[in-house]
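Coming up is one lone chain in structure tokens, specifically the form predicted alone.
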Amino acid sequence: MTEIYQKLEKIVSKKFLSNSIYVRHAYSRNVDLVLQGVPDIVIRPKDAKEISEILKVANENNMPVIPRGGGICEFGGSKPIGDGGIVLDMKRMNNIINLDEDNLIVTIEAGISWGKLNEYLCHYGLYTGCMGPGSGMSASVGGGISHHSVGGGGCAKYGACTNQLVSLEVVLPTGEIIETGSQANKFSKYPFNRFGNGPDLAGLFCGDNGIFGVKTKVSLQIFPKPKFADYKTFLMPRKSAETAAQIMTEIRQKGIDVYDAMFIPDVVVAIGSERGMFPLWEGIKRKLGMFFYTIEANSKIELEERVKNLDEIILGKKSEFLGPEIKDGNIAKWHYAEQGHWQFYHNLWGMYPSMQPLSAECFCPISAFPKILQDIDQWDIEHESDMRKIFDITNVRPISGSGPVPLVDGNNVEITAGFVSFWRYYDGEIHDLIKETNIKLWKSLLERVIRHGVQWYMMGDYVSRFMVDIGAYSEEFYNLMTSIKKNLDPNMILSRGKFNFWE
């Protein structure tokens, strides 16, 4: 290990390399509370060339490399699977390379956060469309592309952040550096289009969860922020999930160009209000589901017409408008006008102090999500005895369900489903029973959701392997993915273990 460390030290300065036990343990975790793997070395490269040299050293020594962006993924995506390996921390690569205002394209280093990027763009009256994942203030752009991320805001209008992708610079697992899209033509002076020059190789690295290459440079479409916007929040009637699904379906069928449309389930409203998370809803007697929308427009007439069409749909379903101001309960205004996008998204996860998520986030058709939420409730009832084991130690029962259900591109929604539980370290003691029960429950819930035919995007370590383990992929699909992986990464060093791609 000393020899490998010395080789890496010649690539980056000592300041950006560590094998300290404290640093290594700091990189052994992200948001989830179950998975853990301590790397041997943590390194922060400055550019694609340094990453290329690092990967060559890793191949020579058959050492796994784990790219890490913001490190806030929920399925173990940015830490080792088991101990060992090199964590490639991308945070140093956080610069804006070029803003092309004529062609409305921004080129950035992949380690930049969505929050920093959009803060920069707002000074020019621009934004990225989809504002990245729900954790976007610290989540990296490269990680968002790796996950097909949605959730920060604007995903009903713009879809996942990969929809805005124009080109990528990628370091392949063996160290070669490639560019995609218009930049596949070496005479192209600047990125302007993703499609053409042959197959869409950029798509190979979208949603790959870091197994096919290290993203180093990203070019994205950007958009002028419209001058006019309106935002309203509604209290749903009973059977709120079914009503929200009807509203979202009608929005799509009538072709209304909505920026955000989001359903907040009853359990989140009820328990969140009880826990003081939603002071704006404390005075509401019926703690049922909430629905809100945001509309953008380039003129008042256009805005008024869209609002009128939306209100007819929503009020026609016996929903109750809460009022125009935040103090009236209008969380939609806070979400958009007060930049609440990323502070709000995973509210299911923050209901009790010290509880952490075991997530089951996925995409599904609008029409499917009420049944999936009902089935998660049924799953919870069926696993009462296991929930009780954790309650007996903590006096707090794990909470299952879903956070907000946002409308994404097409007739799809994202379900931010899962459950929250405690770490095995609780009240000064180690409780292995909590860890064992968490893993058992997580596997059970994931399989239950998978069998609804959902589409996973943020897969990381856990879901990528679980899909293979339970035979959810067709043999032909998995064989093709395996062939591509072996071709690009013959030593299986990059994100080793994801999708069960071992040595």
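Just so we're clear, the structure is a prediction, and the values are computed from it rather than from any experiment. A residue's number is simply how far along the shown sequence it sits, counting from 1.
Heads up, the form predicted in complex with a small molecule isn't pictured, but that's what we're talking about next.
Contact between V150 and the small molecule in the model of the complex at 4.5 Å, heavy atoms?
Contact check for V150: yes, within 4.5 Å of the small molecule in the model of the complex.
is_contact(Y457, the small molecule) in the model of the complex, heavy atom dist at most 4.5 Å
Flag for Y457 set to yes.
E74 versus the small molecule, in the model of the complex: is there a non-hydrogen atom within 4.5 Å?
Looking in the model of the complex, residue contacts with the small molecule include E74, since a heavy atom lies within 4.5 Å.
Even though the partner isn't displayed, in the model of the complex is V31 close enough to the small molecule, meaning a heavy atom within 4.5 Å?
Yes, V31 is a contact residue.
Location of the small molecule contact in the model of the complex, chosen stretch of 264 to 272, 280 to 288, 131 to 139, 221 to 229 [non-hydrogen atom, 4.5 Å]:
Partner-contacting stretch among the options: 131 to 139.
Proximity to the small molecule in the model of the complex, single hit among P398, G329, G418, G210 (heavy atom within 4.5 Å)
Exactly one residue meets the criterion: G210.
Exactly one of G70, P45, P64, P39 has a non-hydrogen atom within 4.5 Å of the small molecule in the model of the complex; which residue is it?
Only one listed residue qualifies here, and that residue is G70.
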